[in-house]
Structures are given as C-alpha cells and as structure tokens.
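Shown here is one chain on its own, the form predicted alone, set out as structure tokens.
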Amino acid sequence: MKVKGRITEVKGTVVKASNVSGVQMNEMVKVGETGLIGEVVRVEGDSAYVQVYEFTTGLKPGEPVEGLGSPLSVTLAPGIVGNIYDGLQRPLSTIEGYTISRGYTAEAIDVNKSWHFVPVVKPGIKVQGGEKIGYVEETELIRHYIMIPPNVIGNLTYVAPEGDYKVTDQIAEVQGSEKQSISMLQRWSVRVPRPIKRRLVASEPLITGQRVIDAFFPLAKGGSAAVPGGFGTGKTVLLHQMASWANSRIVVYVGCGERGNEMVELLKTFPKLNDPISGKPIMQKSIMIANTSNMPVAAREASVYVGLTLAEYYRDMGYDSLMLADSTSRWAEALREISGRLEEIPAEEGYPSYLASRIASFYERAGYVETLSGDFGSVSIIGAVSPPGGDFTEPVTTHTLRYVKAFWLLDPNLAYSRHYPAVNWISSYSSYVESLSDWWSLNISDEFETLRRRALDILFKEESLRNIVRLLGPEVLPEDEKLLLEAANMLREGFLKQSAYHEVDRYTPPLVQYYLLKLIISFYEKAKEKLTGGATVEEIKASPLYLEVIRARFNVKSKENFEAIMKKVMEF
C-alpha cells in the first residue's frame, strides 16, 4: 500500500513530510506536484525526512509526498551494457536537450525491444537463486545469462522455447511455496550486496597495460585500490586508461561529481576505442554512469551504489567486472552535505561520524567469489581520491587507506615535470604482490620477480642518493653510484613513464613489460662490467645503445624486437 503525506518543511534538498506513518527507511518517494524522486533517510513517528535526488527549487509546504513501497533499486536485464545513465539509472540517451528536467522518469532499458532467448535447462529440475536458465547475446562481447532471482527457490515447471521475447515476457515458472513467474528483468536494491556462495583468495592480476601498476604495484581481480592525487595529477586520465585497457569482461565507469567537460571527453573517446583483447568496440563491454558536478548532490551519493550493483550483477554471471569511481572524495562530500542538512553531529572536518563505515562497506563489496550458480567471478574496485590541496592526511584519504590493499599515490612533482602516470614509486604499495607472484612466474617468466625487486632496489637507492646530490652536487659521487643514478633514470624514462596518447606506449602487455625490465637491468649489469674495465659513466651514457634501451618502450612489440636489442646489450 502506498503511503501519502504532505510536505511540512524544506531544507535545501532535504524535505520533511508528515502523516507518513507507514513509510520505511530508504524507501523511495515522489515529492511535490512534479513528482521529484527522493529517498527516506530518517523516520520520526509519523514524520519522515526525505533526501530529494533533484533540485527542490519551487517546492513548498503542503505539496504531496507519496511512498513507492520499495528502496532505491536498479533494473537488471539485457540492454544495460553500452548504455549511459545518470546517478539514478535514468538513460541519458532518452533525454531531450542538455539538462534533465525535474521529475523526469524513464525505463533503464528498452522494454519494447525483443531479445533472442536460448534456454539451457529443461523443466522438471529443482532450481534456486542465481542459477542460469538461458542466455541472450547482449553484445558481440557479452553473453547475458538469465538467472533465477536470488530469493527464489523451487521446481522449474516451465521454460520458454528458444525465440524472441521482451524483457517483461514470462520465460520461466518456478513452483515453490507459491508459483512465481520469471522474466529477463529483475530489480535489486542498490544498498544491499548481491548474495554469493563464498569468497576466494584472489590469485590472478587485473592487467591494466600500465607498467608502473602491473609490474610494481599490481591489483588482483577482485581487489580494491585507491588513486589519491591533487588537482592536475592525472587521476581521470589514469582511470580512463584502466577502463580502456584492463582485461575485465565488464567495465562500469562512474563519474561521481566529475566535471562535465571531462565526462564529455570520455563519452566521445570511448565509442572510438576497441577492446585490446577482442578488437571489438569497447562500448560493447562498458556501462557509463555520468553524475556530473552540476547535477544534484544527493544523486551523486547514490551513483556509486548503482554502479556497484550493476558490476555485481555481471559478476554473478561468472564475469570479471571492474568498477571505477571518479571520485570517492566528491561522493564523501555529498555525504557531508546531506548529513549537515539532517543536522547530524559532525566529526572530523565536518564529515559524518559514519564516514569510515560507509567507505569500508563500499570497498568491501569487491572480491573474487564463487557465485550462487557455482561459477567464479569478481568485482574489482578502483576509487580516485581528490584530497583538498593535496593533503593526504584528510579523512577520506586516511579512511580509504585502511580498507584498500593497493595504493597508487599520484605525485604533483612528477605531474608538473610531465611524468605520467605520476605514480610515486616510493610512497605507493600493493599487498597483492606476493599472491600474484606465482601467476607471473607461470605465465611470463620465473625471472620476473627478481627483475622487479632489482628495479625497485635501484629506485630506492637513487632516492637516498638524491639528498647527497642536492647538497654537494653529483661530482662527489663515485662512478658506481653515478651509474646507479643513470640506471634509475633509464627506469623512469624507459619503463615508469608512459604516454596515454601514443599508439604503442599507451598499452603494454605483461610479456613486453618483462622484456623492457630485462633490457634495462641487463644494460645496467653490462655497464657495471665496463665500469670495472675502466670506462666512465659519461662514455657509457654517450653510447647509442643507452638511448635505444630507453626508447625500447616505443619499439618493442614482440619477442623478435626484444631479442634484437638484447643481442646488442649482451655484446655491449
């Protein structure tokens, strides 16, 4: 039964309604004559506080408030992939003009479109939530499996024959405590994690093609990572690279409070890109959620949950999903604004006291799991963090660090010197290195871990030598330490630096990453031998091979390219 009441008070986007004694926490409501969408965030007796997801300009006391009887939920059905939504899963392609009109509603997917359904089970078997009963080809890259809703169990009494059906048509029937009709369409509350059978240890890397990440600070499929960085350090471009090249089957990109011009750039660029694995258009495996900074702040808070639930839905089909949130700082700012309007007691820097638990519950939904159907899938979460003034001691950054296992700190000094991605190799870390080392040994080379440690050792030693150089100048260093500085420079210029706009350099497969590390470390070892034989660092640096090894990142595409340069290194 729908509950109806009246507005008694309006505070920004928070509305107080009276005579709504039957309303529930987190229930969706329609507010005002224009039917603005809102969510119940507090219940006091027969009154309720509603967080409106749209601008409340013109609302006044006395206008109606109507409960819809369900929490904020997403539509799950074929037709999601390739779509662009706002923070409430309203398709932006159906909007006329440049802005979303207030009270605008639209189906998340086209309910009139027919899909060719192919059953994979027959009637007469016992089924439970999560089991696959058939599939449709959603795109050339994604086979969309039709699953029994998680809360349904019983005997399968009917399965539709192969043919074309709309998402609302009945395709199956389950007889449990009562008879339930099954269609291709499900609804799921965004704030409730979708159920799984069990969690597993992540043991396969999420290959991003970004060398500093894959080789030095890797992320596992089903892992969580944070990318903190101040203004202009390249967070958005790095996330664009992740979305473009990561080896996940589904990519959900959430522009949470992102600047509109950057979202436009993404939406223009993505349809032109091809998936590096299949060669098909990348939009055939992508879902975009654009909740820009000029949209209502409350919908920004909901957008990350909408994106996360979509990622979990495809995980349940047995796919590896990647969810990118840009940025979680603006999501936290939305929490702070909503909390202030509810007159809750603020904690540090005005954020609500439950900020840490909200951040924890968000990243906790990442994981490599066994699904209810017995398949294996994952949701990986990468969240950008935008600390004001680049202050990494502020609450959002510090709380995020407690719950993620990979941390890619973007250094403004690197960014200002045009070193991208500006990931600081001294301050960044990953807790997945040990669990992923077996994968690199089995699939790339058992020598890779040794090379990785050798390269990091060179970079760490260079950092300590820099202080001496700043104080006394490079002339005071012995030749072997000067050579180490040059080796560190080769690693920076020939491996860590990577252009997002160069046809070859923008994506580096794992095997080529191993080749590049091998070249640089081998050149360094040969240079040390020449140093022992009486050569100087300046003579070694003047060799044409020095620059050739640095520029190998643009030229090494195959084993043949690598072996040709490696031969020169061994003869050096």
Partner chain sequence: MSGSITFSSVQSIRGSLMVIKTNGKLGYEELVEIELGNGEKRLGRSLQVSEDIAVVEVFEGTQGLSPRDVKVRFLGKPLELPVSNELLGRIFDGLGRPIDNMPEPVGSEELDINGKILNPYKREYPDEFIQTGVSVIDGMLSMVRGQKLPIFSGSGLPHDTLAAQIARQATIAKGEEFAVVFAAVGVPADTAMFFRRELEQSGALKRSVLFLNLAEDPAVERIVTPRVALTAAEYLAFEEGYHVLAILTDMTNYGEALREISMMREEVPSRRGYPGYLYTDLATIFERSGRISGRKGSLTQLPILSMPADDITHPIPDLTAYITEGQIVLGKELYHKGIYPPVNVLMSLSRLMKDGVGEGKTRADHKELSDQLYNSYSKAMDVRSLAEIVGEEGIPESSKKYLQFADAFEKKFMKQDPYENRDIDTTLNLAWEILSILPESEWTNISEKSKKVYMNVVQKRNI
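Quick caveat: nothing in here was measured; it's all calculated off a predicted structure. Residue numbers count along the first chain shown, from 1.
Below, we turn to the form predicted in complex with its partner chain, even though it does not appear here.
Contact check for Asn294: a heavy atom falls within 4.5 Å of its partner chain in the predicted bound form. Interface membership of Gly87, defined by any non-hydrogen atom within 4.5 Å of its partner chain in the predicted bound form, is ruled out. Within 4.5 Å of some heavy atom of its partner chain in the predicted bound form lies at least one heavy atom of Glu538. Looking at Thr105, you'd find every heavy atom of it more than 4.5 angstroms from its partner chain in the predicted bound form. Screening 465 to 473, 362 to 370, 116 to 124, 398 to 406 for residues having heavy atoms within 4.5 Å of its partner chain in the predicted bound form returns a single hit, 465 to 473. Although the partner is absent from the chain shown here, Val10, Thr57 and Lys268 each have a heavy atom within 4.5 Å of its partner chain in the predicted bound form. Note on contacts: among Glu131, Asp169, Asp214, Glu337, the single residue with a heavy atom within 4.5 Å of its partner chain in the predicted bound form is Glu337.
The partner is absent here, but in the predicted bound form a heavy atom of Pro346, alone among Gly176, Pro478, Pro195, Pro346, sits within 4.5 Å of its partner chain.
With contact defined as any non-hydrogen atom lying within 4.5 angstroms of its partner chain in the predicted bound form, the contacting residues in 405 to 440 are Tyr416, Ser417, Arg418, Tyr420, given in sequence order.
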